[in-house]
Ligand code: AMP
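One chain comes next, on its own, written out as structure tokens in the form predicted alone.
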């Protein structure tokens, strides 16, 4: 079994100034693969070019540090998703997708449906955030940053960058490796 710790970044807007609700689209997939020996054995990172709202908002650029140039030079979701699935399959065993909350699974589902791609590959998923909230009931449901601090881990890299957040989530995942329920 392999565990794919995944974090997505998506198009976004400042809710305080947003005049109409726009659908989010994935602009970065970041993931690390953890094996049963609790070792990180691979990483995946790719930017994605959005189609519904191809111009990133100033808010999105500021939050994620992902630039317009990076998404303009990226491939569209169908190819990036295929590359991601090929990367997962390269570990040659069953897997679980693990993310901080259920947003990532839902956003993958949305983008797959938008592009008429299958969604069955998303079935094996756990929310590390919700299980962590039960494991550490005195802390409860918190953001990744607060959970890292509670565990004595430093937030490394840039928060709201998919690959950096996946690496940070994996620290908590590995620490509580035996406690996750699938």
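Numbering follows the first chain given and starts at 1. These numbers come from a predicted model, not from an experiment.
Missing here is the form predicted in complex with this ligand; even so, the following discussion is about that form.
Listed range touching this ligand, judged in the predicted complex by heavy atoms within 4.5 Å, from 134-142, 41-49, 121-129, 57-65: Every other range fails; the passing one is 57-65.
Within a 4.5 Å heavy atom cut-off, is residue 11 in contact with this ligand in the predicted complex? It does: once this ligand is placed as it appears in the predicted complex, residue 11 has a heavy atom within 4.5 Å of it.
Is there a non-hydrogen atom of residue 22 within 4.5 angstroms of a non-hydrogen atom of this ligand in the predicted complex? No, residue 22 stays farther than 4.5 Å from this ligand in the predicted complex.
Does this ligand come within 4.5 Å of any heavy atom of residue 91 in the predicted complex? Residue 91 lies outside the contact set for this ligand.
Wondering, does residue 103 line up within 4.5 Å of this ligand in the predicted complex on heavy atoms? The answer is yes: residue 103 has a heavy atom within 4.5 Å of this ligand.
Within 4.5 Å of this ligand in the predicted complex, which residues of 145-182 have a heavy atom? Give them in sequence order, or say none. Contacts from 145-182: 160, 165.
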